[in-house]
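So this first bit is one chain, no partners, the form predicted alone, shown in structure tokens.
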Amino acid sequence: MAIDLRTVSITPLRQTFGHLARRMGADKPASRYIEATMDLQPVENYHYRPTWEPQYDIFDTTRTAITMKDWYALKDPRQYYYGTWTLARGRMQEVAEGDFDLVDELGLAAAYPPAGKADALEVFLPLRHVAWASNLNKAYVSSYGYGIAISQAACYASMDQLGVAQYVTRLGIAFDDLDALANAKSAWLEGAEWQELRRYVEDLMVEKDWFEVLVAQDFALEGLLYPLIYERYNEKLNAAYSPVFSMLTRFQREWFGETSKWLDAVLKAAGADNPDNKEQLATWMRKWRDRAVVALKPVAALAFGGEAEAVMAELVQNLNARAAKAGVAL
């Protein structure tokens, strides 16, 4: 019997979905990110208004003072949809787990100088509560943000903060034991140096404008907190003791560097849309930057002593430069 194998080329009738073809102006292939993001949020035929806020639709552009000609302009330059985000975070987790395993295998945490442990636990461990608050505030942005482009990215960032809280907790356990976690909780609830920071994140939990929450949490607070702790304080501990602290906080440093690109792109797109947006963003950035400085100064003093003022001044300058790069002058 003779078998004749042939290759048949089938030309698809359409290259993409109709709503994407209408948006992109031609019937051409779209990336997975575009397919998983653009124009997917319902915009009509709502069944009911929220019973707790009947003045709004379920998805409502008036929940924020920011206005956009196209809310899908707030795209993620990382092009994260669920599949790519889980793959990226899986790789980061593998690296972080490898660091923790290496530290445990070689006994590096047990050998870390007692003074270094005490220093790190006092300054660092209460930040697990800040990460949990960040999870809640980012979840609010995801819940009430308008357009899948911003809401899905905020959701991923919210979940990332649960990972941050867990890695902070694991460092505490590696350096000490469960008593360190109880002490950190007491410091968060009662320690004078933590109350301004606690007030900051808890005030955001009742802030209504979701875009303002995004600016306050992700730009102002984390834009100062992460460089303060994961760069400056990390360098201090490495120089004084060993790079163990740096190994156990790799996830947070990599996450901040990556996520900052997304946030800066969002701020730049929102400010470029219209002058009112740019003015509103500048107002929010100045307001929450100044509050973040007040909230973090006691923590900086705890970490750096007499050098805290100079460190904070440098970080504020860097944050202002970051805003200017996004097109918002502070």
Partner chain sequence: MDMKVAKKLGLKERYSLMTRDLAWDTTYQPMDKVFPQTTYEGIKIHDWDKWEDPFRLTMDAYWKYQSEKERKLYAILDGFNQNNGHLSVTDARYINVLKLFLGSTPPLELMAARGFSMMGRQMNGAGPRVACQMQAVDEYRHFQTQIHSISNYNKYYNGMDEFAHQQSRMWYLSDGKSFFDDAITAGPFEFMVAIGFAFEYVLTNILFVPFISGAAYNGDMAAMTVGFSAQSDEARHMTLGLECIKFMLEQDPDNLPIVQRWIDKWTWRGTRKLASVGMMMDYMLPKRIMSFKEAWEMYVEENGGALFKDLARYGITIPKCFSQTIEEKEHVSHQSWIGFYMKPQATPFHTWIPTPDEMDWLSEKYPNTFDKYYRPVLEFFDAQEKAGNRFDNKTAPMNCQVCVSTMKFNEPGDPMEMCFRESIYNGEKFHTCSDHCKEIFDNEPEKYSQTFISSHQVLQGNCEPDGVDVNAPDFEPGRHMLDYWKLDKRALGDFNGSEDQKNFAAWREQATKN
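Since we're looking at a predicted model, the values are computed, not measured. Positions refer to the first chain, counted from 1.
Only in words, not in the display: the form predicted in complex with its partner chain, which the text now covers.
- Item | Interface residue in the model of the complex among Y233, F124, W71, Y156, criterion: non-hydrogen atom within 4.5 angstroms of its partner chain | Residue within 4.5 Å of the partner: Y156.
- Item | Candidate from M247, A118, L102, I173 lying within 4.5 Å of its partner chain in the model of the complex - any heavy atom | None of the others qualify; the residue that does is I173.
- What stretch, of 184-192, 220-228, 234-242, 256-264, brings heavy atoms to within 4.5 Å of its partner chain in the model of the complex? It is 184-192 that comes within 4.5 Å of the partner.
- Query: Would N318 sit within 4.5 Å of its partner chain in the model of the complex, counting heavy atoms only?
  - Reply: No, N318 is distant from the partner.
- Item | Contact test in the model of the complex: P113 vs its partner chain, heavy atoms, 4.5 Å | No, no contact at 4.5 Å.
- Message: Can you tell me if K297 lies within 4.5 angstroms of its partner chain in the model of the complex, counting non-hydrogen atoms only?
- Response: No, no contact at 4.5 Å.
- Task: Mark Q79 yes when one of its heavy atoms lies within 4.5 Å of a heavy atom of its partner chain in the model of the complex, and no otherwise.
- Result: Close contact is absent here: in the model of the complex, Q79 is far from its partner chain, nothing within 4.5 Å, heavy atoms only.
- Query: Going by heavy atoms, what in 293-330 lies within 4.5 angstroms of its partner chain in the model of the complex?
  - Reply: Residues within 4.5 Å: none.
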